[in-house]
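One chain follows as structure tokens, the form predicted on its own.
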Amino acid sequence: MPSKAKTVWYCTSCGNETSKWMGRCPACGEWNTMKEGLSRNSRSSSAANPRALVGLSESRPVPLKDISVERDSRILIGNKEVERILGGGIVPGSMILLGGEPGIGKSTLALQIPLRSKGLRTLYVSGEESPRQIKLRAMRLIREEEGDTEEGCTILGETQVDSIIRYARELNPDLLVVDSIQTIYSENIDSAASSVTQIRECAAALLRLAKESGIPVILIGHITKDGSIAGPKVLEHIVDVVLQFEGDTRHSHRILRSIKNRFGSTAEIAIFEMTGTGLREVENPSEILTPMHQENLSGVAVGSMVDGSRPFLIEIQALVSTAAYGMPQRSATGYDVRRLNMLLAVLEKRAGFKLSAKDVFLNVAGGMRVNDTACDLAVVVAILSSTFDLPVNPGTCFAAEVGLSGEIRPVGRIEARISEAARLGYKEIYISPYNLSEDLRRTIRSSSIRIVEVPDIGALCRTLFKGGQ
């Protein structure tokens, strides 16, 4: 049995090694430069025979002209949203890193892939749950009427990376899922599981397995308090795709966002709804994020938002009331409270609305998080609607940015926003007059939606609220 590789703490500035962590390097005097890694002797012995630890063969140089590339070689997994965000399916031999908060649905999504993919032989490695626990969850996820099956899924309760690689070579599955990379360890590394060294070395071993055997690997990763994936940053560098699962566990909707993709676009998102039978694909998010209440309610406006390459409409709710205490409250859910304060200052300074003594509460319906400045106009309209206590026509939506001078500024991808609003049956959309080119004007003249161009906040009030100020 080979001796275990010893880990030390080394300075990234001067390379000095110590047996324990120190806030300041004793050699060069730099602060916070100590990182965990293999000792020099361990690195030299591993470099002499690095593949002996995991039983991998030596690669040979191949001329570029002799490398064959098969067309349409992507693996389809039966989930259209995941296939779209990956660029058309999983590329053989690729490594995908799936991260997200605890309880967000990472393991559920990873288990749904083999259950709902006919003919896809999958080896599901779990270091967090027993095979019996996975079976109970699979029974809840299987929908027989839609053809779900568990015949092609093999469960392995193992955390030792050498054993995982050995079983993967024996079974030769179409897909390998590891849940999670933080629980996997190597006996050749003298450090605990989930340490920086263990994560880096185990991920490197699984990556070499994927590249040599052609088996795609999905790694599930934990995240830290600041939202980044736990472990060394090199983990995100060596994988081919990084997917981030976002959402509020108190709401049912989840967003799968592509952070890195070597085989497709990163300007894509996939939206799911958590149900009793697992994650349901939401192919038309606008229908679940737009108003679901009776009409003629004040303080409600619909904005056109673009996340990635997908436009969809979202409901903005505002409540403006007289401050009950000396200090007015400013609260925003799903929206940047600093941008809300900026828009309130614009309304106060440029449009003359006295909101300094008012409580303002803002909410984005559906638990979504808005980062698109095109929703500024919808936020302003919702605040004004609540201030005047006048409802906005339910067939109206908004897509424009509000500047510090009170002007209505243009936004990108306006044609896609207008098309989405027209598709959902909206009658008119308010935009900036500087947003439409002559070619685009001629294109949308035949559209069923009416384009209303407003240059500033004052014109917006006169047009929308008929001088309600």
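We number the residues from 1 along the sequence you see. Small disclaimer: the values here were computed from a predicted structure and weren't measured.
What follows is about the form predicted in complex with ligand TYD, which we do not show.
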Legend entry - Sole residue of 89, 127, 105, 247 within 4.5 Å of ligand TYD in the model of the complex, by heavy atom: 105
Legend entry - Residue among 133, 333, 277, 149 with a heavy atom within 4.5 Å of ligand TYD in the model of the complex: 277
Inset, instruction - Heavy atoms, 4.5 Å, ligand TYD in the model of the complex: which of 318-326, 260-268, 96-104, 389-397 makes the cut? Say which one. - result: 96-104
Inset, instruction - Evaluate residue 351 for contact with ligand TYD in the model of the complex, applying a 4.5 angstroms cut-off between non-hydrogen atoms, and reply yes or no. - result: no
Inset, instruction - Report whether the minimum heavy atom distance between residue 137 and ligand TYD in the model of the complex is within 4.5 Å. - result: yes
Inset, instruction - Look up in the model of the complex whether residue 234 has a non-hydrogen atom within 4.5 angstroms of ligand TYD, and give yes or no. - result: no
Inset, instruction - Although ligand TYD is absent from this view, report whether residue 337 comes within 4.5 Å of it in the model of the complex, heavy atoms only. - result: no
